[in-house]
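This document opens with one chain alone, in structure tokens, the form predicted alone.
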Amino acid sequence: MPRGINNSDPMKESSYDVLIVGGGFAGSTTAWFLSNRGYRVLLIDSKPWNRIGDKPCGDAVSKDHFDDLGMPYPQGEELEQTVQGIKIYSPDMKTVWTVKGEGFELNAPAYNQRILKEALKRGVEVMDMTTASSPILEGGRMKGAVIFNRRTNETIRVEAKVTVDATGNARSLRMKLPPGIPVTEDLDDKDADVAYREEAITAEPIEDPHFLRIFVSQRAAPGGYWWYFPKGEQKVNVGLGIQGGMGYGSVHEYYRKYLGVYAPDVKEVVLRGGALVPTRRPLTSLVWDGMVVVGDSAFTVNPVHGGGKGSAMISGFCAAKAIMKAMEVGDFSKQTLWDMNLCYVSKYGQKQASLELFRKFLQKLPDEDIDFGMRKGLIKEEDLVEVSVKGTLKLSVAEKAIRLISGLSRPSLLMKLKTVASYMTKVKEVYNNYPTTFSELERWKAALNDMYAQFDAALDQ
């Protein structure tokens, strides 16, 4: 039993239509879309109210996500900087690509808490400093969770028609389910980045404060990259991620060693923290009977740049949409909730899968090949826009010929690039045929795994 609970006290009981475990971007977005519809919704979060949504992150979100989902723009203290694009630096820092696109650099907790306050005003109940200690299962179906409120020192059995796991990388609810259920799929250490960031005040005004900076370097951030994201004229979010499971050593060592290279203007640190970031395709299925998984717990992070707030919002939107349909028909089985999978795969999941292949390709490139490829334009800014927006790497016949001529000194790199582009298209085709029913899932999953195995073998040649 949790500390402070008297075993002789009867456990309190309560029931809701929807129980959301976790109040970060994914959980709060789910609640926001479910609010004002007459449902009884309870959202719990382990943190105190003023820290909900406080997670180490780059805090950049594309404006397109807000427009597509109909989410309100950040305003006032929620918005620290508008973004006009990203500058990507080669390892030797001699080549810089500029990819334009509007976005926001957020005060993430402030925006997150605003969304929760709006949901609260529209009927959602929010309970902070509360964790889910165990799921409630009946006949293999999720029926809610036993929760513990540290404020009141109470254990409560909460039954719900649908339970949403929005517990982030902790995956603290779904991983307590019996093995074999699709939503219990675990994370390979190599499919995650260990990230660390600090928010700091700079000694001088930042040059081009509306452009985010990304520094690619296997030496300084093996399997990942450094970022420098301005949050104002003299405030910056700076950090790095390195690939997990490779024995690269401590992310803090890399940070201390290379901070002066990528952020020489840092004067005073005001905030610091680290996190584990999944960098793979989403869960094979984001639903089970009576259950939906969203956000980092569902592996919805972009595999290449590690951004997860926009895709967390998408997963929350899709979850709410599927739950509303289930409420209409009174059926909370995985088959009715399956619309969550179809919605997310269509909006973002298929792109994630293709970007996972691109991520694997990039992680195998030495700095010399990255320098060469950027300098020679083997991939261009417009290619990156295509990749980031659609998850597709398209090279026309004419461009391939021109790039082949200019890149004869590294023909193997060009061949690998063509292989990657081909498999990125193929995996999207597989996701375009995502099963419409649970009974088809295992067959589809086998085909997907076979394609990934073929890609890994081709990449190692």
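These numbers come from a predicted model, not from an experiment. One-based numbering along the sequence shown.
The same protein has a further form, the form predicted together with a small molecule, not shown here; the description that follows concerns it.
J.: Any chance Val126 has a heavy atom within 4.5 Å of the small molecule in the model of the complex?
T.: Result no; Val126 lies far from the small molecule in the model of the complex.
J.: Evaluate Ala275 for contact with the small molecule in the model of the complex, applying a 4.5 angstroms cut-off between non-hydrogen atoms, and reply yes or no.
T.: Yes, contact at 4.5 Å.
J.: Is Pro182 one of the residues lying within 4.5 Å of the small molecule in the model of the complex, judged by heavy atom distances?
T.: Flag for Pro182 set to no.
J.: Residue-level question: is Leu413 within 4.5 Å of the small molecule in the model of the complex, judged on heavy atoms?
T.: So Leu413 does not count as contacting the small molecule.
J.: If you check Tyr89, Tyr258, Phe358, Tyr196 against the small molecule in the model of the complex, which one has a heavy atom within 4.5 Å?
T.: Selected option: Tyr196.
J.: Exactly one residue in Val61, Val427, Leu417, Val41 has a non-hydrogen atom within 4.5 Å of the small molecule in the model of the complex; which is it?
T.: Residue within 4.5 Å of the partner: Val61.
J.: Only one of these stretches, 76 to 84, 307 to 315, 322 to 330, 156 to 164, has heavy atoms within 4.5 Å of the small molecule in the model of the complex; which one is it?
T.: Among the listed stretches, the partner-contacting one is 307 to 315.
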